[in-house]
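A lone chain, given as structure tokens: the form predicted alone.
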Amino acid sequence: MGLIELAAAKALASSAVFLFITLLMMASAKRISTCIVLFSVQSAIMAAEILAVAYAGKSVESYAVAALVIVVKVVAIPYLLFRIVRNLKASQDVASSTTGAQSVFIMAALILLSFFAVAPYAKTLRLDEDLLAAAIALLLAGAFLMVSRKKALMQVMGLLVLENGILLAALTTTFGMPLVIEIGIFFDLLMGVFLMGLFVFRIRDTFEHLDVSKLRRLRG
């Protein structure tokens, strides 16, 4: 049992590196479709992490949560977002307020800041520092994408990345939340993406663009 737990811990720690890579690639991405694919990959990595925890702890609930992540985040939400992008027939440019190099630099700084922020708590609470830093980095990265990207769809992507950070934080600190709560979160997330998709179409039909920064001109 000790060897299984050790192997699962090593797998979880190494997976944090791949999460950081997806964040850096998302920061440098120029097309919305690329960001959707990276979100799907990011969610698949998190599903693998949950499976490692489930295998080590023999938790049926964790297996169910991993299956939900695969169905909802790896398949369903990316599929819905691709459908929205295809039906909008608009430019797939992310329309960032920062250059690609600046975005990568800021994202790398946020990752570094995450390690500095969690170091004292990880040692005190005996938590995995890499995974906890990855959770904070996902939260900060999601907020950064929502602030720096002008397209409404990219702000949806930022919210999804932020939610991944919340899920990873729960996995790292409590080894997952109860299954009922997880089901409720995934259902709310799926409905949220659906409703945000409707709002995106409404913005496009009303203003003939998806650049939310231009909506500031409507302020009286």
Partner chain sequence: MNLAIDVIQALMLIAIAPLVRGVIARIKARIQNRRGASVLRPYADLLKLFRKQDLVPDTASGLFRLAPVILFAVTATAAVFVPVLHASALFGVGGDFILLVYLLAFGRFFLMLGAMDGGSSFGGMGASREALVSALAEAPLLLALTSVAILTHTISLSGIVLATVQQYPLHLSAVYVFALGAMVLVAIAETGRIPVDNPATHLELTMLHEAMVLEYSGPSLALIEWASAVKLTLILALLVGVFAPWGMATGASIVGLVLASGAFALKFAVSAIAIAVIESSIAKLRMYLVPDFLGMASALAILAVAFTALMR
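Positions refer to the first chain, counted from 1. If you're wondering where the values come from, they're calculated on a predicted model, not measured in any experiment.
As for the form predicted in complex with the partner chain, it is not shown, yet the points below apply to it.
**Q** Considering the partner chain in the model of the complex, which of Leu145, Ile111, Ile84, Ala135 comes within 4.5 Å of it through any heavy atom?
**A** Of Leu145, Ile111, Ile84, Ala135, the residue with a heavy atom within 4.5 Å of the partner chain in the model of the complex is Ile111.
**Q** For Phe105, is any heavy atom within 4.5 Å of the partner chain in the model of the complex, or not?
**A** It does: once the partner chain is placed as it appears in the model of the complex, Phe105 has a heavy atom within 4.5 Å of it.
**Q** Taking any heavy atom pair closer than or equal to 4.5 Å as contact, tell me whether Lys58 reaches the partner chain in the model of the complex.
**A** Lys58 lies outside the contact set for the partner chain.
**Q** Taking the shortest heavy atom distance, is Ala101 within 4.5 Å of the partner chain in the model of the complex?
**A** Ala101: yes, in contact with the partner chain in the model of the complex.
**Q** Answer with yes or no whether Lys30 is in contact with the partner chain in the model of the complex, where contact means some heavy atom within 4.5 Å.
**A** Looking in the model of the complex, residue contacts with the partner chain include Lys30, since a heavy atom lies within 4.5 Å.
**Q** Since the partner isn't included here, can you check whether the partner chain sits close to all of Val17, Phe20 and Phe115 in the model of the complex (heavy atom within 4.5 Å for each)?
**A** Yes, all three are in contact.
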